[in-house]
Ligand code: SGN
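Heads up, the chain below is alone and in the form predicted alone; it's given as structure tokens.
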């Protein structure tokens, strides 16, 4: 019956929507690699993000928001199609080209009478389709004086800092370029807070007096976790002194030093002088403190973290502090610009009719397990922040539903980035095609708690061998237990009880007393692989 309804729904979604139906605008703001630990409505221990917090304070905060594949391009493909990676065809950044001819959420919104726009980072190789207007950065984009690809195929260079420019372009489209008789969807996709964490010049000195607290798991040795032992995303071992911590010396060549030089020399004269003066001063101090940094770096690369000497630990923690400070600076400019966009929407009278969404393409490690980057199904990269400000009539409906219960603005049900597409379609009054893997979040936005809401999530990461050397893996998470299978050139299972082990340090797979949980989680994993038609289905037996 579900399949029959889904086929009918796919046809109905192409039909005109009744003129009297309420159709909300959608402003979807997505950053790259912004983790919940660095957003103060989730975690106040590091920095403050007052403008991002405004969305949560005036709306909703999801406490169990996750991705289907913790990697930039694949995450974007999941979001725009409402499908897992194997179903939308874009599984990894290294070899993928997104098939723009396929069904996507913006195309379906166009068919429903919406005007659609995309500004900023695309990162899916092929040109965007399904948008009335788009203006994107090539690949990862550049923070300083960035190039943009225009719809006619030409490339133009803009002066300034990328986060500011993307916001300028978004506001300009909203004010001057759209058909104001139509409802709209705009995707505002920032490069921030992606590596190499190059700050806006005016914020070079921010957070320099702040000592960020070292995570409890910073010196994790990865005992019992074979795949974690072979990754190459370790702050101490793998973070490049030039590219990542900006300790540039003309005579010091690292694997990524030329890439760093190319990024920084995009700055104009005065800004380049300010940048160089600031980081050159830090470099002089660094060389005074660590004249033996080559020997210490060798120790970091060859010893287990628990065996580092005091001096080697000092170098590892220096890298961590530089990473955290620069990351925080990039967040600060991002937060400013979210505030600018929110102010515009309010002053333009659009907030009453617009769903405002802020999220990231995945989470990120801020020193947990000693790491930066993402990719693993462990919580810090699997989870992603998600806050929404509701249109006025939808907010009133939520208040009516929760009248006797109160509303703390928190949604605790498990959601995933494949759910955004069906949510936006339902808000537009369009039917959700049956072949979408995600489910509409609209009942949750209205304050409902469906009894049949999902009780587990499926995850699949593909990009190996590649940068950071994270093994291929898939897994299932039910809110307490997480089962992961690493495969391809490895056959390793991991099971975690996050209630007893929230930092995922102790792999209990195969240990006495875990048989019942293991059987249940393997069965659930198989069920989800069957539900989502993952070709990896026959990789293991129950």
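Positions refer to the first chain, counted from 1. Please read these numbers as outputs of a predicted model, since none were measured by experiment.
Omitted from view is the form predicted together with the ligand, to which the following refers.
K.L.:
What stretch, of 252-260, 423-431, 81-89, 449-457, brings heavy atoms to within 4.5 Å of the ligand in the model of the complex?
P.N.:
Partner-contacting stretch among the options: 252-260.
K.L.:
Using a 4.5 Å heavy atom cut-off, state whether residue 107 contacts the ligand in the model of the complex.
P.N.:
Residue-level check for residue 107: no, no contact with the ligand.
K.L.:
Examine residue 504 and determine whether its closest non-hydrogen atom to the ligand in the model of the complex is within 4.5 angstroms.
P.N.:
No, residue 504 is distant from the partner.
K.L.:
Is it the case that residue 467, even though its partner is missing from this view, gets within 4.5 Å of the ligand in the model of the complex, heavy atoms only?
P.N.:
Yes, contact at 4.5 Å.
K.L.:
With a cut-off of 4.5 Å between heavy atoms, is residue 245 one of the residues that contacts the ligand in the model of the complex?
P.N.:
Heavy-atom contact with the ligand at 4.5 Å: absent for residue 245.
K.L.:
Exactly one residue in 369, 319, 194, 329 has a non-hydrogen atom within 4.5 Å of the ligand in the model of the complex; which is it?
P.N.:
For this set of options, the contacting one is 194.
K.L.:
Please tell me which of 123, 234, 471, 225 lies within 4.5 Å of the ligand in the model of the complex, judged by heavy atoms.
P.N.:
Contact check passes for 123.
K.L.:
Give, in sequence order, every residue of 76-105 that has a heavy atom within 4.5 Å of the ligand in the model of the complex, or say none if there are no such residues.
P.N.:
Only 93 sits within 4.5 Å of the partner.
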